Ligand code: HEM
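Just the one chain here, the form predicted alone, laid out as structure tokens.
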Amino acid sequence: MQTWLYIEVALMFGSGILGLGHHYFWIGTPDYWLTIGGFFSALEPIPLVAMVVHAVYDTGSHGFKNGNHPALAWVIAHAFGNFFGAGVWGFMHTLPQINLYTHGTQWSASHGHLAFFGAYATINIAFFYLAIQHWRGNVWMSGGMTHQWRWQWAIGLLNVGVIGMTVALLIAGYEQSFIERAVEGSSWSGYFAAQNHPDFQSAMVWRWLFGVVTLAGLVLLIWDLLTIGKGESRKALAITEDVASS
């Protein structure tokens, strides 16, 4: 499996670096970036799928003790969030023939929300929990039965909120791409027609509502990060590991 890991990393760097060319489509760069950016951007989901499969395989094949439940949960959220946000949502409109209609619409914002959250926010939050565990003296980090609801509700609300905003923005972006770009030909009248379409306005309302859900999850997350692990000790972690091993 080590060989496959090297292949995954090589694909990640190879497709990711040259795949950045999809940001160069419409900013006055040479036309060859349409080919380079489109081709290598389309390859980006491949290493992401491989990483998810690799992670699931390793989890099932190698038993391991986990003393930090929140960190593990956020790492799992990262694996799938990165795949869907950067991979699937990115692939939807990475080809220049499609991006011509979707670039600069809420479709781009939809991809950006899920990709940033799935690829960066989730893994950073996991590291926050790991850092706090070390700071508290390598204690057991589930929060206990009394407090674990905070990180569980936080991860649930944040994921539901971000996914809800992503879908709402996707619907709004589709209306813009269809009405403003395809039908009206990127005219000012087309821009205002798309902005005033009932489906676009409804989607933006849903984006706001799911943004409130995301904010609630963020408040719970901060609360949990400030309090989790207090009063615990290394002894608590050792006892739990002994019970798990027996």
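One rule holds for the numbers: they count along the sequence shown, beginning at 1. The shown structure was predicted, so the numbers you read here are calculated from the model rather than taken from an experiment.
The discussion below concerns the form predicted together with the named molecule, not included here.
Though the named molecule is absent from this view, in the predicted bound form it lies within 4.5 Å of a heavy atom of just one residue from Gly67, Gly190, Pro45, Gly217, which is Pro45. For the residues Phe127, Trp153, Trp135, Tyr120, the 4.5 Å heavy atom test against the named molecule in the predicted bound form is passed only by Tyr120.
Looking at Gly112, you'd find a heavy atom of it within 4.5 angstroms of the named molecule in the predicted bound form. Contact check for Ser142: no non-hydrogen atom falls within 4.5 Å of the named molecule in the predicted bound form.
The named molecule in the predicted bound form is not approached by Lys230, whose heavy atoms all lie more than 4.5 angstroms from it. In the predicted bound form, the named molecule stays beyond 4.5 Å of every heavy atom belonging to Asn159.
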